[in-house]
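Before any questions on how it binds or moves, here is one chain, the form predicted alone, in structure tokens.
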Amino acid sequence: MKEEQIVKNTATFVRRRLEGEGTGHDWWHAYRVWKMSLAIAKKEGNADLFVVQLGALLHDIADWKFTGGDESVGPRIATEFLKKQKVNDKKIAQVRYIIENVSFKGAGVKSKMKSKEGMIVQDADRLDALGAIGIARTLAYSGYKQREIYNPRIKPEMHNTFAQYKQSKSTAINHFYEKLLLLKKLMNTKTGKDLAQERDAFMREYLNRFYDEWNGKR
């Protein structure tokens, strides 16, 4: 089967599984990460576009946040699907590596991502957590988790392990400090770093406005 057809089949597979999901980890998130990954890869060069596209499409096929914290579900589902598509073992391993390492795991946990393709997908995924879309996704997920929007008595935590990060029950606004505002400095590629600047600035502007309204200044 040609690579182009496999990518189309993968997009259909992901769309059918994630369409209509309401926490911000839906088909359209996967779609945006897919398209942004392609754009970054073409600017950066020297990346396997087939692996980039498969990794981007499948990166959230079964996020640990929705599998009881089990990180193995997503890679397993992706592997089973790609084998049915007759993708060779080497490329499946590359895609699986991306899925296993793409997620942010806490402020004090260093990313293990080493492949060029993985760094590109990781940057695209992180860009979708920033800016206007990032704000919307944060609020959607926080509502799903029944978390408060803001509570001045609850302070942000800089989690030193993935286990701590998984167990976090912080507020939506704290999530900006525990993850989102850290992402600009964690981008892997020059393209990702450039794109993150404006999105990060927009979130900081939003937070300033939020606090002004919270304190009755506007």
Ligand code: ADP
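Bear in mind that the values here come from a model prediction, so they are computed numbers and not experimental data. All residue numbers refer to positions in the sequence shown, first residue = 1.
Only in words, not in the display: the form predicted together with the ligand, which the text now covers.
Is the ligand in the predicted bound form close enough to T10, L38 and E117 that every residue in that trio has a heavy atom within 4.5 angstroms of it?
Checking in the predicted bound form: none of T10, L38 and E117 is within 4.5 Å of the ligand.
Considering the ligand in the predicted bound form, find the one stretch among 42-50, 149-157, 188-196, 59-67 with heavy atoms no farther than 4.5 Å from it.
Flagged stretch: 59-67.
Y165 versus the ligand, in the predicted bound form: is there a non-hydrogen atom within 4.5 Å?
Flag for Y165 set to yes.
Residue-level contact is defined here as any heavy atom of the residue lying within 4.5 Å of the ligand in the predicted bound form; does Y141 satisfy this criterion?
So Y141 counts as contacting the ligand.
Going by a heavy atom distance of 4.5 Å, is A129 a contact of the ligand in the predicted bound form?
Residue-level check for A129: yes, a contact with the ligand.
According to a 4.5 angstroms non-hydrogen atom cut-off, is K184 in contact with the ligand in the predicted bound form?
No, K184 stays farther than 4.5 Å from the ligand in the predicted bound form.
Across 173-191, which residues bring a heavy atom to within 4.5 Å of the ligand in the predicted bound form?
Residues within 4.5 Å: H175, K179, L180.
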